[in-house]
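This document starts with one chain, in the form predicted on its own, laid out as structure tokens.
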Amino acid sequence: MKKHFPLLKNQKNLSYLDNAATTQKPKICIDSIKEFYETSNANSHRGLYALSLKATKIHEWSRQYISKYLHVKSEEIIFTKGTTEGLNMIAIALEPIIKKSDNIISTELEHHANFIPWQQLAKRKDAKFKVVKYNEEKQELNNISKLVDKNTKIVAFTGMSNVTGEILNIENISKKIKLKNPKTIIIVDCAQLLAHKKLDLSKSNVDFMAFSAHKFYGPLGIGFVYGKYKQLEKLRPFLYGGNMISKVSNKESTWNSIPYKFEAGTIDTANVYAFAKTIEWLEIKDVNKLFKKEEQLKKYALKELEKTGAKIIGHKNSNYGSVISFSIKNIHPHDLATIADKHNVCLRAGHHCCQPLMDRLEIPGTTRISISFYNNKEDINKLIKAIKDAKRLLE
């Protein structure tokens, strides 16, 4: 599969195992960006001339293709710069409905992007911020719904941990939350999950989800929010400016229809198009088959890591994707990452923007590998060789 990814094709000795941070881009993604700028570059949704109309058509085809992949209405897809902006957008848009008597729930498993917006929203509104603890013994998240009560306005949790790889049962968790409080708004960070599991959002109890294209083989700088239409109707705009308006006067302004009222300014149509074309390419390759390949390689990696004496966080059952965090006794994660780089192995070391989880585990950070379908056993073998080298030098 590496032959379809120009960077990996051009750097044959590179073992790229930092896919949770960003994935490499297939040729179709890169070519689609080039195609748009060479044949269709104009400001979409603005001009009445042919080139602008063509750009608009490409933009909306992309929205429709992405929504079809997720089994939702196209107007329920709002383009953003990525998951972080999407989650912040939702938090700001929901702010008017939060009262002092309300509480907002997040978890210790969250990336800061799905923790700080809710923490700060609670502070601004003098509401209560509740945090679901990570169970060290079971190495999984405690029951989220236990903290839900009649005053719970928002519950925000990850679909897949970017540290442990734990995949949460979104439908089961959401069902329990709604049973305790049907009015609770459920928000899921799907930055990691989208790249490892095909989602059918038409069957979901979730009100909002946020995604990033670059985590799923698409370009940097583009993402989207999925929001149930009935929820989007209640929200005020996040940004103000061009395209999101219906009418503006000296005294009053009214907003465009959904989703455009949430998309102020010029959206990066080239990258939106490239992402849709990337998903189309992945579907041709049979995305579920690609996910199974990742799962097989993850099992091989876990087995080989255990042989080195690595302490692995999580992965005690099958509810984990191909993200593996571990530590090696007496070796700092940063030192291991530096030595791995000498072996042309790219991995991540640190707290992974998850400091509440690191505090719970009482560690400064971990070493993390994250596997894609374009990785192979040779990539894992090079990692193991780097670990052995590090142990020889530093233990």
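One rule holds for the numbers: they count along the sequence shown, beginning at 1. These figures come from a predicted structure and were not determined experimentally.
Below, we turn to the form predicted in complex with a small molecule, even though it does not appear here.
Colleague: Applying a 4.5 Å heavy atom distance criterion, does His111 contact the small molecule in the predicted complex?
Modeller: The answer is yes: His111 has a heavy atom within 4.5 Å of the small molecule.
Colleague: Is Asn162 close enough to touch the small molecule in the predicted complex, meaning at least one heavy atom pair within 4.5 Å?
Modeller: Output for Asn162 is yes: heavy atoms within 4.5 Å of the small molecule.
Colleague: In the predicted complex, does Lys298 come within 4.5 Å of the small molecule, counting heavy atoms only?
Modeller: Output for Lys298 is no: heavy atoms all beyond 4.5 Å of the small molecule.
Colleague: Would Ala195 count as a contact of the small molecule in the predicted complex, using a 4.5 angstroms cut-off between non-hydrogen atoms?
Modeller: Taking the distances in the predicted complex, the answer for Ala195 is no, it never comes within 4.5 Å of the small molecule.
Colleague: Have a look at Thr278, Thr83, Ser174, Asn271 for me and say which one sits with a heavy atom within 4.5 Å of the small molecule in the predicted complex.
Modeller: Of the candidates Thr278, Thr83, Ser174, Asn271, Thr83 is the one lying within 4.5 Å of the small molecule in the predicted complex.
Colleague: Quick one: from Lys261, Lys153, Lys215, His315, grab the residue that has a heavy atom within 4.5 Å of the small molecule in the predicted complex.
Modeller: Result of the distance check: Lys215.
Colleague: Just one stretch in 71-79, 145-153, 306-314, 207-215 has heavy atoms within 4.5 Å of the small molecule in the predicted complex, so which one is it?
Modeller: Of the stretches listed, the one contacting the partner is 207-215.
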